[in-house]
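The data below hold one chain only, encoded as structure tokens and taken in the form predicted on its own.
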Amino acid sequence: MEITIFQCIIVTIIALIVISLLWLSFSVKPKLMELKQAHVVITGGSSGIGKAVAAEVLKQGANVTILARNQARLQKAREELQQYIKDKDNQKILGISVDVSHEYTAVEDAIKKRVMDANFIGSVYPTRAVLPYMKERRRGRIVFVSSQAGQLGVYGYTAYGSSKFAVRGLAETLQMEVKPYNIYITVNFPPDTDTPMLTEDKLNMPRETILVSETSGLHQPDEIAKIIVNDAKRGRFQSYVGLDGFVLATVASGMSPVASLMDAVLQVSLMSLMKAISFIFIANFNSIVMKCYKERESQKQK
């Protein structure tokens, strides 16, 4: 049986794809983290899953800090967890009574309440105000502005990104609730937009964040506004900007609502391809972060 040149090319391409995927799988696989002498902080650690997690990591040699609201339950949990300590000379359990949803100063390093209030609560309250009237009229559009940082994790956006992911969750849930009333939700995921807020934020923004964000370019507010209005009018759930936005919207679509057959067909048919393309984006972002890290370490040694 003769093998044609075309068949050889196909086999070669397939082999290269397989080799590339194998290399990628090994290169992106995180190293196993050993918990011995690691510090594990657990919210809700006085009972249930949180307490069980505390016990498990103690068995593996970690130091544990459990956070809970009830001081009595916290102390009891701390005493019960002592039995799981493997190295009494080096392992410790610390219990802190704190309400992580209210006491700002105690969790300031983990969550910036101002950001969550502005981006999430600032979306909830206005919606609550107008929704009864829309339901009464049996029609309406609600637009939430999230961010591309609400579709994927971005270095330096721990608090900001969390608040923007929350906006998307709000939008998806609300869409199911209001659809019987002929109300449609649009959530826009803009890239960097030339606004005074962005200019101010960049003054204190990590270099990694700036470099990663710049890969999507800088867009003008009027451009974003036109897209938002057009998509809201069409009742389109995901509103994105440019080719990068399309890739992100497709990959991050999950089980989010679709308002047209075209959107559904595109998501189903292109999901695998867009996911493959996303590996390139993520690899680039990780490369930027690693490069900045090495530069900082090099500066420390000088």
Partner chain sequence: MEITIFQCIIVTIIALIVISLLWLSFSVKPKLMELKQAHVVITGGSSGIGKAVAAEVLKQGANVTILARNQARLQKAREELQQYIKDKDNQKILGISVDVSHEYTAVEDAIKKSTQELGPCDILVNSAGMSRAVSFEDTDINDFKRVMDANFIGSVYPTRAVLPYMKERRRGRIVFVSSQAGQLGVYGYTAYGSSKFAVRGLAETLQMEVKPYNIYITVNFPPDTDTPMLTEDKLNMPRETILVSETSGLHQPDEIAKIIVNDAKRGRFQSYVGLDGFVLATVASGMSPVASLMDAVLQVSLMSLMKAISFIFIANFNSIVMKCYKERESQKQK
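As the structure is a prediction and not an experimental result, all values here were calculated from the model. Positions refer to the first chain, counted from 1.
Heads up, the form predicted in complex with its partner chain isn't pictured, but that's what we're talking about next.
Partner contacts here mean any heavy atom within 4.5 Å of its partner chain in the model of the complex, and among 220-228, 127-135, 78-86, 189-197 they occur only in 127-135.
When you look in the model of the complex, the only residue of 179, 141, 207, 92 with a non-hydrogen atom within 4.5 Å of its partner chain is 179.
Residue in contact with its partner chain in the model of the complex (any heavy atom within 4.5 Å), chosen from 47, 269, 70, 60: 269. For residue 248, a non-hydrogen atom is located within 4.5 Å of its partner chain in the model of the complex, even though that partner is not displayed.
Contact check for residue 276: a non-hydrogen atom falls within 4.5 Å of its partner chain in the model of the complex. At the 4.5 Å threshold, heavy atoms of residue 10 stay clear of its partner chain in the model of the complex, well away from it. Within 4.5 Å of any heavy atom of its partner chain in the model of the complex lies no heavy atom of residue 65. Shown without its partner, the chain has 151, 152, 153, 154, 155, 156, 157, 158, 162, 165, 166, 168, 169, 170, 172, 173, 174, 176, 177, 179, 180, 181 in segment 147-186 as residues with a non-hydrogen atom within 4.5 angstroms of its partner chain in the model of the complex.
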